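Here you get one chain, nothing else, as C-alpha cells; it is the form predicted alone.
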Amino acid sequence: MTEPHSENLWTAYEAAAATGGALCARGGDAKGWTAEEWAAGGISIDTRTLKPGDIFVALRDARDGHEFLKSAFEAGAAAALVARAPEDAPEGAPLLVVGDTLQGLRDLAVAARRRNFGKRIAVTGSAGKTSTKEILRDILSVSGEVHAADKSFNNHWGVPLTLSRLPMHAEFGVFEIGMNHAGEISPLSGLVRPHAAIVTTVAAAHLEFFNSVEEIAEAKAEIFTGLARGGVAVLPIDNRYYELLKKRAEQAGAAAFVTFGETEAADYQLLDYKSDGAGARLKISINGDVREVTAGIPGRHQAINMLAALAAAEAVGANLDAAINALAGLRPAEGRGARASVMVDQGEATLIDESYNANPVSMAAAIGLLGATPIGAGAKRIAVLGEMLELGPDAPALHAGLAEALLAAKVDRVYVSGELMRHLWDKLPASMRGLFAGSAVGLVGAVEDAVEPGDVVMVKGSNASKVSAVARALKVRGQKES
C-alpha cells in the first residue's frame, strides 16, 4: 500500500487562488462535507503512481486524464484539477475546475515558486542533465532541504509538475530542462526563474529537428533567458560553443559566469582522474585551490558533471566543503551507470546499466567507462548497443563512428540492434562482432549465452531502442541464480 503524505502542500483555497479555478463537486456535499475542505500533500498526473492525498491533474496528452478520474479517487486522490466534470466523476469528489489543466499546472508552479524563498538551479545540455541533477540533489542535501524530481521530468509538463511540488520551506530546488525543438527551453526556464543555470555540454543530439549543432547550442542557451536577477551562468569552457553560450548568457543579463572543464582557464578544473571501475579519485582546482576528492561514481564524464554541480552549488550559497565531501557518497542511478552482479556458471559477471537513452556523446562516455573497468585474465568486455535516435541525416555516420571508441576501449564483443546500428556493425572487425539483430529482444539470448564469470557487460541505447530489455534479462538471471 502506498503511504499517504505527512504534510500539506496545497489547501483547496490556495490551489483555487493560484489557478483562478472554481471549487466544486459533482452532487454537492452529499457525503457530508464540502468541496472546499480538502488539503493535498502532493500532485500527480498518473493514477499508477498517485499517492493518497495527491491532487490529480487531468492532463490531455497521449490520453485524456479526465478518463481516469474514477481511478484517481479510488487511489486516494484528495482532489482533481479538471477542465470539465465528466458524467462518471465520483459523486461528492472534490474538483478544481479551470479552463486548461496544463495552464492550471503552470499556475500552481508559479505560485509554488513565489512562496518559496530558497535557491533554484536549472540544468540543461546534450548529455548529463539527469546525472548532474542527481549529483546536485546529493551534494546540496548536506546544506539544506532539496527538492528535485525523482525521474527525468524535463519537458513541457514535467518541469511545471516538479515546480508545483516545491515545498514552501525547501532551501534548494533543482530542475532538469530538456528540449527537442528550438523555443522549448525559454518558457520552462522562465517558469523556474533559476538563480544558477547550467549547460552541461552541447553536442549532436536531436539533430533530426535542427540543421546544425550550432542551432542546438542556441536552443540550449535559452536556459539563460529565465535567470533570476543576480543569476549565475555555469558554462562548459571546453565546449566549442562556449563563446556562443557566454554571449547569450550576457545578453540575457547573467550577473556572473562560472566555468568548468579540463583546460587551465576553467574556474572548476579537473586536473587528474583515476578510477578503479566502481568509483574515482579526482584532483580538482577550484579557482586555484587544489583538492583531492573521492567520488562514488566512475567516469571522466561524470567527474566533469560533478564540477558543474559544485560550481552551481557554491553559486547558490551551499557549503562547498560539505558538497565536496558528499561526492564520496554518490551512487549511479538505474539506467545511468548502475552496476549489478550477474551470476553465471558458478561465478559472477558485472553489468553496467547505461540503458537510459543515448546520443553520440553519452555513448562514447559509456564505452569509455566500459574500457576503464578492470577485468581479470581471460575475461571479456562486452558492449550491447541499441540505436541512437533523432540524429537526422548524419545518423549513419554517427553510428559508424562509434567503432573508434570501441576499439580504443579494447572491447572484446559487440552486440547491436536496429538498422542504424548496421552502420557500426559493418565497421567492426570480425573478431569483435557478437550479433546484429533487428530488435533488442533478439539480442537477449545471445548475450546471456556469451557472458562468463569475470566479464563486464555494458548496455546502452536510446529509450525507444528497447535495449534496456537486455539489462533487465541479465538482472533477472542474476536474481534467479543467486
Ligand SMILES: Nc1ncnc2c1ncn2[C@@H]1O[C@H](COP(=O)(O)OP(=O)(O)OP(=O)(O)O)[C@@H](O)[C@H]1O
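Note that this is a predicted model, so its numbers are computed, not measured. Each residue number is its position in the shown sequence, starting from 1.
One more form of this protein, predicted together with the named molecule, exists but is not displayed; see below.
Of the listed positions (Gly104, Gly173, Gly128, Pro160), a single one reaches within 4.5 angstroms of the named molecule by any non-hydrogen atom in the model of the complex, namely Gly128. Of the residues given (Ser186, Ser275, Asn239, Ser152), Ser152 alone sits with a heavy atom within 4.5 Å of the named molecule in the model of the complex.
Against the named molecule in the model of the complex, the set Ser44, Phe56 and Arg165 makes no contact: no member has a heavy atom within 4.5 Å. Only one listed stretch (349-357, 404-412, 288-296, 141-149) carries heavy atoms within 4.5 Å of the named molecule in the model of the complex, and that stretch is 349-357. In the model of the complex, the named molecule sits within 4.5 Å of a heavy atom belonging to Val361. The shortest heavy atom separation between His301 and the named molecule in the model of the complex is within 4.5 Å.
Taking the partner from elsewhere, His195 is found to have every heavy atom lying beyond 4.5 Å of the named molecule in the model of the complex.
Proximity of Arg381 to the named molecule in the model of the complex falls outside the 4.5 Å heavy atom cutoff.
Looking at 423-448, no residue comes within 4.5 Å of the named molecule in the model of the complex, counting any heavy atom.
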